[in-house]
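Okay, so here's just one chain, in structure tokens, the form predicted alone.
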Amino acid sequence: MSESGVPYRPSDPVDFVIVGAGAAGGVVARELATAGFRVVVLEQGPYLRAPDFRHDELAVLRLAELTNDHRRQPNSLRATDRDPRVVTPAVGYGRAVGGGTVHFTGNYWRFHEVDFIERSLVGPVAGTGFDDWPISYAELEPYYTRVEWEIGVSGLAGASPFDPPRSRPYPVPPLPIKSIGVLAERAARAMGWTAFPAPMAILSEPYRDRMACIQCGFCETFGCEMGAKSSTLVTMIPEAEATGRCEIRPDSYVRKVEVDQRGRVTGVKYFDAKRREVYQRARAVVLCANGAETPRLLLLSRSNRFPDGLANSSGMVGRHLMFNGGGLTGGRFEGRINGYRGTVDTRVIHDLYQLDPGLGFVGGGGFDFRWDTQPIGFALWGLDPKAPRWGPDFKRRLRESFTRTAYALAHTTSLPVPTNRVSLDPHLKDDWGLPAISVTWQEHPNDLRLSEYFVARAMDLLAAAGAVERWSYPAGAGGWWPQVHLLGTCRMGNDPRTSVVDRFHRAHDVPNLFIVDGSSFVTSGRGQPTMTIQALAFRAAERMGELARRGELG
């Protein structure tokens, strides 16, 4: 193939190899390719298009059509280093071109100013690595705006009294309110709170030659056959490929990042769809594989130069793992509310985004009223936990409850604890013969108290909305496995002794290695990380281009 065309030959070094084609990888690919650089994107999952998506609960939810398959990529889990590892699904992520943006709910909350400086405001928390970010909200705000306008986010600027400053309104209006959004507004008014239109990465009207949402109701965990969901699959990646400088290689399972004697990366080794090993050379490598697979790959890439794992002189790779906490509550209403129709949620409540530390714990969060299950899923877990699970009474309860149920979901912060981490399992292997992901994780007492507080307030909201029956599921992140918000394992910071990447996502130890995904987070935010992941990706790609043009990547 010609030098300016694609596909590239693995023996020819491209400017950038990007590992992962999800929220961050898609953005970085588009930005670098449009800036004139030669880019190869390696994605372990398939390259699906809109006609490939289907409303098949068994295929999507049970057979892992769009996500990592724990039969082929097992995990182990334990609470502390003293506990035995148990083989069980621990982390979940999108495994397809577009990554998690293919099947996500689409909640696109910006972080607020407090999320970046909370350690300075409330002080240290024992047993944690709680810290401020090395960047501020003001620095990131232009890139939040770029996300909203480049991919298409529906919302209403100024609708929330708690919104951080913004430089532009949303590009398209909010999605139409659904029945459970009306219930959220009723409940919020009764409690003296404000329910505002949910910012969603789903189009409420046509935008940039894409269709608006048709309100099919199969949104969370499913791909969008209309292209209304603003995934990188339908936004960033087509634009990257249109430059003629970006090649997407699906079914590419990366196993190692290679380095030379100077300690600079030279490319990556991966298994292709036929499990043949391929070595793609590159002048720089960008890891966008998510907060579990990125640290795993760094640990797999140990060498004589980096015996503890690539870019791990600090010992921080894999540590400070954060999930978002919260809790799910359910309510059954007297009349039909038909919450299954339309997008997952249309109203959000942020009155408790920043709590008074006088309550005895730090952090905060938000709520939404939602419906994020389909018929089979509802039968499996959507009923009151005390409801019958078999026989005529079970069938009757399903008939009565499916159209009369709504959920109030609390989204809360999660503290960075150094012993909560991703590591390599010493015994368990995946289908490619590589060490599997092992998660060591235990809820910090602060986070559990915070989640319990929010669950109690969610129950209050359901009562205020008029629910005739209410119930709750386990509070805290630990009540739900596998976890999908995978944050903090290669944290950003100014000090190479306590962080993995600098404020522009460049590895402290390796000047031509960048890490851009949820792993760079210093704190978890209040429940919705994807918007911030993409804002950081726009900012990081801009910096990568500057360094490459100055010849600083080698």
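Heads up: residue numbers just count along the shown sequence, starting at 1. The structure presented is a predicted model; accordingly, all values stated were derived computationally and were not measured.
Not pictured, yet referred to below: the form predicted in complex with a small molecule.
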Could you tell me which of 411-419, 213-221, 359-367, 325-333 sits within 4.5 Å of the small molecule in the model of the complex, going by non-hydrogen atoms?
213-221
Is it the case that Thr128, Gly488 and Val501 all touch the small molecule in the model of the complex, with a non-hydrogen atom of each within 4.5 angstroms?
no
In the model of the complex, the residue from Ser179, Ser76, Ser401, Ser252 that sits within 4.5 Å of the small molecule by heavy atoms
Ser252
Among the candidate residues Ala240, Cys288, Ala195, Ala458, which is the single one with a non-hydrogen atom no more than 4.5 Å from the small molecule in the model of the complex?
Cys288
Can you tell me if Tyr93 lies within 4.5 angstroms of the small molecule in the model of the complex, counting non-hydrogen atoms only?
yes
Should Pro529 be counted as a contact of the small molecule in the model of the complex, where contact means heavy atoms within 4.5 Å?
yes
State yes or no: in the model of the complex, is some non-hydrogen atom of Leu299 no more than 4.5 angstroms from a non-hydrogen atom of the small molecule?
no
Even though the small molecule is not shown here, does Phe116 get within 4.5 Å of it in the model of the complex, heavy atoms only?
no
